[in-house]
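Just the one chain here, laid out as structure tokens, in the form predicted alone.
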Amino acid sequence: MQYDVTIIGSGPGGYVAAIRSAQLGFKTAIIEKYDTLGGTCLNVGCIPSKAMLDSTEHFHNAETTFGEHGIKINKPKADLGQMIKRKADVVKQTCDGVEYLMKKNKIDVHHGVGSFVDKNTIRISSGKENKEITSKYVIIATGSKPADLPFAKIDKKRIISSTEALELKEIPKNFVVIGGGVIGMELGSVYARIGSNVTVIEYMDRIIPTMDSTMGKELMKATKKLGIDFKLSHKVTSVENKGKEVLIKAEDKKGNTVDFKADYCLVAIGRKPYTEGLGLENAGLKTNDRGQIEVDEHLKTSVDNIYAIGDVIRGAMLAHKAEEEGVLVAEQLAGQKPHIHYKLIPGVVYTWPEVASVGYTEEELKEEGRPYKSGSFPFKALGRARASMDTDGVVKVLADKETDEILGMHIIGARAADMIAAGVTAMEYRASAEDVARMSHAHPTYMEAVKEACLAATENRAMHV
């Protein structure tokens, strides 16, 4: 079969690229090696982890705050099996939705491993049959997989990745997380809420180290209330499955050896690009020393008809980043001139409180030597936050010292994941802190904290603190 555009991989980047290609009139195909569409994000990543985060947050609130709200219940019991069943239902509904969108947009779906025969020909291998298709353009969207360490190989039994952490059959008594980044903090929160003793071991001197340092400090304060124990500036040296427990050895910042024992050890040190089985060499492609497929500013590879998007190329490994790239490639192929401002792609940690950031961090501005001013406003000063008992958190706004243009917005607090869109909007239109401060924000809302932080950045004019 002959296609105009073929996408290999059906994650958020791949399926969105397919939809936009079809909308633009291209005869489009998508290749997925698994039985369900949606990739890591929908099947074993973003969607299932958020389902578990929501379930455990409900449990945690029932256990800790219902009484103060005047809701009298017997002591709740966590049913991990039911939580995982509900998560599976959410995943199925979401993946079924993607399948519907493929049919709606008349996109041909081929299940099997797609590999290049040459730059225009792709072999699709499944357990049932092998077939070949040809395509004028190909978009590689094969995503990523969990990274491990030479001395901490994931065995999927006791030494686990995020995939297995979302399928455990028991609530661990002791749960060690290697890595205090997004995945480690989210899944550490899940199990801490339902009774596990969670220890987070982080090599750096702060958690969520890619975000503004204020966010890491505030998240650590908030999640310590869940009982999470943090071991910062610790270098893990060995992880060993002992049968019924895992032994983890690490060195603290003084070089002393520290031992940890756990029922399960989650290795959450990041993800790496996934290109196995693609047969890149047959198309004249290769990966760099980080395993990434290199692309130019138009996301075109070194082969003129092949593009790559998402986790398999440079940049943050975010579903929404991959989606924007999928749209960009499809629109370019149609002769349009789309653009992505990578600095304005937000990052989110779905703990509670949530953390969300966009633009420059304070550390980056200092490193660049760019004059800036900062304004902050705490959630505890918000009437809305007091009403909901979500007083942990702060909004931090960074603006150019001379022009007042907003350069960064960093939020930790209730609904930060939704609130950050206001920061993205303001920064896309190059708004000043004064512009946002002059806008009317409904009262009482969490968004008032953004207005107040902008006021604080503008001649320290915050009203309510």
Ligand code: FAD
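In case it trips you up, residue 1 is the first one in the sequence shown, and so on. Keep in mind the model is a prediction, meaning the values are calculated, not measured.
Missing here is the form predicted in complex with this ligand; even so, the following discussion is about that form.
Student: Since only the chain is shown here, I'm wondering whether residue 144 would be in contact with this ligand in the predicted complex (any heavy atom pair within 4.5 Å).
Tutor: Yes, residue 144 sits close enough to this ligand in the predicted complex that at least one of its heavy atoms falls within 4.5 Å.
Student: Please tell me whether any heavy atom belonging to residue 107 falls inside 4.5 Å of a heavy atom of this ligand, as the geometry stands in the predicted complex.
Tutor: Although this ligand is absent here, residue 107 would stay clear of it in the predicted complex, with no heavy atoms inside 4.5 Å.
Student: Does the 4.5 Å heavy atom contact test between residue 413 and this ligand in the predicted complex come out positive?
Tutor: So residue 413 does not count as contacting this ligand.
Student: Can you check whether residue 31 is within 4.5 Å of this ligand in the predicted complex, heavy atom basis?
Tutor: Residue 31: contacts this ligand in the predicted complex.
Student: Are all three of 17, 303 and 329 close to this ligand in the predicted complex, meaning a heavy atom of each within 4.5 Å?
Tutor: Verified in the predicted complex; spot residues all out of contact, no.
Student: Among 110-118, 190-198, 91-99, 253-261, which stretch sits within 4.5 Å of this ligand in the predicted complex, heavy atoms only?
Tutor: Going through the listed ranges, the match is 110-118.
Student: Ok, 406, 41, 437, 52: which has a heavy atom sitting within 4.5 Å of this ligand in the predicted complex?
Tutor: Going through each option in turn, the one that passes is 41.
Student: Check each of 320, 384, 373, 217 and return the one that places a heavy atom within 4.5 angstroms of this ligand in the predicted complex.
Tutor: Only one option qualifies, and that one is 320.
Student: Between 1-30 and this ligand in the predicted complex, list the residues on our side with a heavy atom within 4.5 Å.
Tutor: Contacts from 1-30: 8, 9, 10, 11, 12, 13, 14.
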